[in-house]
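Encoded as structure tokens, the following chain is the form predicted on its own, with no partner shown.
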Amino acid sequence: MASQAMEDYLLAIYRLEDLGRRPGTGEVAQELGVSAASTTAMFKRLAQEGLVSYREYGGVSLSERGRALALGLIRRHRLAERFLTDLLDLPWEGVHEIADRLEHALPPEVIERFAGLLGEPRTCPHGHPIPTRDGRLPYIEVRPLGSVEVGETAVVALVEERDAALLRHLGELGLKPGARVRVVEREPFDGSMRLECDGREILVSGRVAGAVAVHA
């Protein structure tokens, strides 16, 4: 049985692999805010458990079993977020941190009860797909908001989920999954955009635009 620390490492490796990388010690250590020495020791432990493939100076990658465990944790996390927002009415900017704790603490049968109560949701409150019970991650084809041309209309698919202040700002702007936006004007030098969002005009910075993806 994997410990919470081991699960945190599996999730960090998964996130970095999802970006198309074979992460090394430094990247994972930075992601988790731990030392390189601790990370190397954990890589060796995970390799002994058959959860990763690790080669010194060659990076680390999840094994099939390690990936299945990571996807199971992501399912728990995103269903917990849905429970917190949809049934407990907590603001979407605060649920990621709470779900980080619940994903380790709650047994699978409780999480599956959440899924039933919620009607088997397909995405978390921030628009990211929820892995299925059998460990498949549904594919959502998206593109950056910044790629939408002036005059074009698009629907928000998902947003960055780990920055509470950013999520609060996105919520105030109305840039949540399902929102319809039309690009009114775009500044080519700093990436800022003027948008019409659900009937009102808003100005977003390049940083904010970069945190939003729309349906392709």
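Each residue number is its position in the shown sequence, starting from 1. Just so it is clear, the structure is predicted and the values come from calculations on it, not from any experiment.
Absent from the display: the form predicted together with the DNA. The rest refers to it.
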Are all three residues G33, R45 and E56 in contact with the DNA in the predicted complex, where contact means a non-hydrogen atom within 4.5 Å?
yes
Just give me the single entry in G151, G178, G26, G50 that has a non-hydrogen atom within 4.5 angstroms of the DNA in the predicted complex.
G26
Per-stretch contact check against the DNA in the predicted complex, the hit in 154-162, 33-41, 183-191, 63-71 (non-hydrogen atom, 4.5 angstroms):
33-41
